[in-house]
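Okay, here we've got a single chain as structure tokens, the form predicted alone, with questions on binding and movement later.
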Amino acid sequence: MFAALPLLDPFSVFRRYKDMRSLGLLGMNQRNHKYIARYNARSLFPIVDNKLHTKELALEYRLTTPDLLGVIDNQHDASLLDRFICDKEGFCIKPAKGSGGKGILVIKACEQGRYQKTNGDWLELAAVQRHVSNILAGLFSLGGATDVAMIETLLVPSHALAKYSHHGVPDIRVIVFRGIPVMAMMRLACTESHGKANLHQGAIGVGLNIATGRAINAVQRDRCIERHPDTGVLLSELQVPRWHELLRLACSCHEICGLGYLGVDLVIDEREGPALLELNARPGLSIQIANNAGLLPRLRQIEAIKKPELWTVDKKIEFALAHFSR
């Protein structure tokens, strides 16, 4: 069971400025003007707004990331998709410029020219090709811009975490400010989220103790829950393995992209260990609900420090462990 914590009701909290101040919650306007605009240079946005550019940067700095099987950048090549996937047991297709989990197609099995999604549904090759065509047309990209389709290897969730997610790979979101990990949560797929670890689509957010990687609270649709709705597993027992490795990887992402206020999405693959999924220059605020805690007090502590960006990764993590655990 989780410890008894006051439930933050977003329908009342986020409407009242005084309540937001007293609870230390970071609002969208504050996030945009005081942190994103101030600490994230616009010239750096293309690095994280394009997943292909992010992957290229991660590979340049030897950060672990899912293998890239291929890139399709024109409608003619969409008809040649089977060249990339014909001998693969599973794979993931995603738009390079997508956001919020939109347009990501995860295939967990292939059989006689048919492809099985994580929810068990089967698709013909023509349906997968149409999905790629929609990606290229910008159906899932920011602002409807034309896009490219990335085909990646299918991740295998860490055995220690597999039971906590349903029809999908659990991922970890870490907010990193000026190189210091500030707050973290795990996102768990479920039936309601259609196998995707996206909170806006109904996935579960589990707040994590920044020092230990252990669950401290869990929410779905901004309401506290104790068990996974599909598997019934007790979420308070969740303990993320290799936690300090994940924190080090999150800190490294700040160093390679230069963004001061950053969302880092990580996974633990059973074969490769901690790996980078993507980076976000405008990370959402639901992580506060998942943690039953506001970001502002933590961000202000870091703002009071002189040039923490120059600290070693070990020193950044030591600071987070000392000041943001509970």
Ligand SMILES: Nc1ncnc2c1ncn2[C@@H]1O[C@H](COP(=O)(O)OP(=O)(O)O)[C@@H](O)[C@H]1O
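The numbering used is simple: start at 1 and walk along the sequence shown. These numbers come from a predicted model, not from an experiment.
There is another form of this protein, the form predicted in complex with this ligand, and it is not shown here; the text below is about that form.
- Distance criterion of 4.5 Å from any heavy atom to this ligand in the predicted bound form singles out Cys92 from the list Leu235, Val132, Val182, Cys92.
- Contact with this ligand in the predicted bound form, judged by any heavy atom within 4.5 Å, is made by just one of Arg114, Lys102, Lys163, Arg227: Lys102.
- Contact check for Gly98: a non-hydrogen atom falls within 4.5 Å of this ligand in the predicted bound form.
- In the predicted bound form, this ligand sits within 4.5 Å of a heavy atom of Leu277.
- Heavy atoms of Asp147 never reach within 4.5 Å of this ligand in the predicted bound form, leaving it off the interface.
- The shortest heavy atom separation between Val174 and this ligand in the predicted bound form exceeds 4.5 Å.
- Proximity to this ligand in the predicted bound form, taken as heavy atoms within 4.5 Å, picks out 196-204 from the listed stretches 210-218, 196-204, 70-78, 239-247.
- Residues of 149-175 that come within 4.5 Å of this ligand in the predicted bound form, judged by any heavy atom, are Glu152, Thr153, Leu154, Leu155, Val169, Asp171 in sequence order.
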